[in-house]
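Only one chain is given next, in structure tokens, and it is the form predicted alone.
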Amino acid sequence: MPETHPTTTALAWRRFTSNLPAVVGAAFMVLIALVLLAGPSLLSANPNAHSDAVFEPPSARHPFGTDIHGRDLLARCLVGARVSLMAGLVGAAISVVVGTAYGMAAAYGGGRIDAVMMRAVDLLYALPNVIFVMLVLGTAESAITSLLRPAFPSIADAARMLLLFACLGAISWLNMARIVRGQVLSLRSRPFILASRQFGASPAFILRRHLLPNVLGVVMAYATLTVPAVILYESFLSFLGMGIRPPDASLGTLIEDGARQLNPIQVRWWLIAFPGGFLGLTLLALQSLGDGLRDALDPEAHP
């Protein structure tokens, strides 16, 4: 009876399931996704509803306590985590599309094309990313305020949020471009690529049918690692007041609200402990999941 060898997918799955932190991270993210999808609708508390229960500590009525306006912090954390994860996913999606296309084009073009394109990446690396996002948001804020907000306030808020997500994605694709370029450089001289060229295949065909499927696993793994980086950027910008604006909330704005209440007289620890813990656990789970996927789909990265 002929010996059967496991497929590449089976080997990757075996490597992933043998990585306990990655499995725990994946299970935690599934749990978080279910909680964020169903949680806010199951809570009776309105995340933006003010009440007289100001600075109420954690209790059966308010498990995470309340803030300065008497709003339920658990509901605020669930809604804020939705926004932060959305920022991470949108930013990672932009990073994947732009970085993959740019890295593949640079590596396959080779020579002077590759040199010019990667020097442009080096130049963008030298720019302070957070300052860039703050300048773009500050410039666009006046245009959105003058053109959209008077007639369409809800559309103006959505436009600003989408612009924030786009800016976060725009500063996150550089690492992806370098990773994809390295993968394509190692593949472009393989026999199946050379054979495809000999048969007259166009560069677009080779990129789409041969190179892209071979780098897709690594792209997926590093995209998972991009999500926590973008979430951290968004939280930092929101902490500085340049990200999500009240009454909307993200984990960054909730941490910023909690930091304002830190004082030696009255320690309202729940205002920063719960949003900070939520953010920290989510980032840790995403990082573990991304590391596990990278080890499973790109075993040569960690021999």
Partner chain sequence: MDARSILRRLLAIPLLAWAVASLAFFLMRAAPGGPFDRERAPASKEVEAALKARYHLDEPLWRQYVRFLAGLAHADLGPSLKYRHHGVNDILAQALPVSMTLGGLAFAAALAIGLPVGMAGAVWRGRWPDWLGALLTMVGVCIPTFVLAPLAVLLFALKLEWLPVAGWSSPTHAILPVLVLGLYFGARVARLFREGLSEVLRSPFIMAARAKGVAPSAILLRHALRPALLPVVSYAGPMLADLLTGSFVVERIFQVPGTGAFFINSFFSRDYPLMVGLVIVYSLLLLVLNLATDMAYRWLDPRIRHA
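Residue numbers count along the first chain shown, from 1. Quick caveat: nothing in here was measured; it's all calculated off a predicted structure. If you superpose the two forms and keep the largest set of C-alpha atoms that fall within 1.5 Å, you have the rigid core.
This protein has a second form, the form predicted in complex with its partner chain, left out of what is shown; the following refers to that one.
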item	value
is_contact(R190, its partner chain) in the model of the complex, heavy atom dist at most 4.5 Å	yes
4.5 angstroms heavy atom contact with its partner chain in the model of the complex for R178	yes
In the model of the complex, A12 touching its partner chain (heavy atom, 4.5 Å)	no
Touches its partner chain in the model of the complex: A126 (any heavy atom, 4.5 Å)	yes
Listed range touching its partner chain, judged in the model of the complex by heavy atoms within 4.5 Å, from 116 to 124, 161 to 169, 80 to 88, 97 to 105	116 to 124
Sequence-ordered list of residues in 238 to 265 near its partner chain in the model of the complex, where near means a heavy atom within 4.5 Å	F239, L240, I255, E256, A259, L262, N263, P264
After fitting the core, T253 CA displacement of 2 Å or more between this form and the one not shown	yes
Closer or farther: C-alpha pair T224/G280 in the model of the complex, relative to this form, given a change of 3 Å or more	closer
Direction of C-alpha distance change in the model of the complex, A223 to G252 (at least 3 Å)	closer
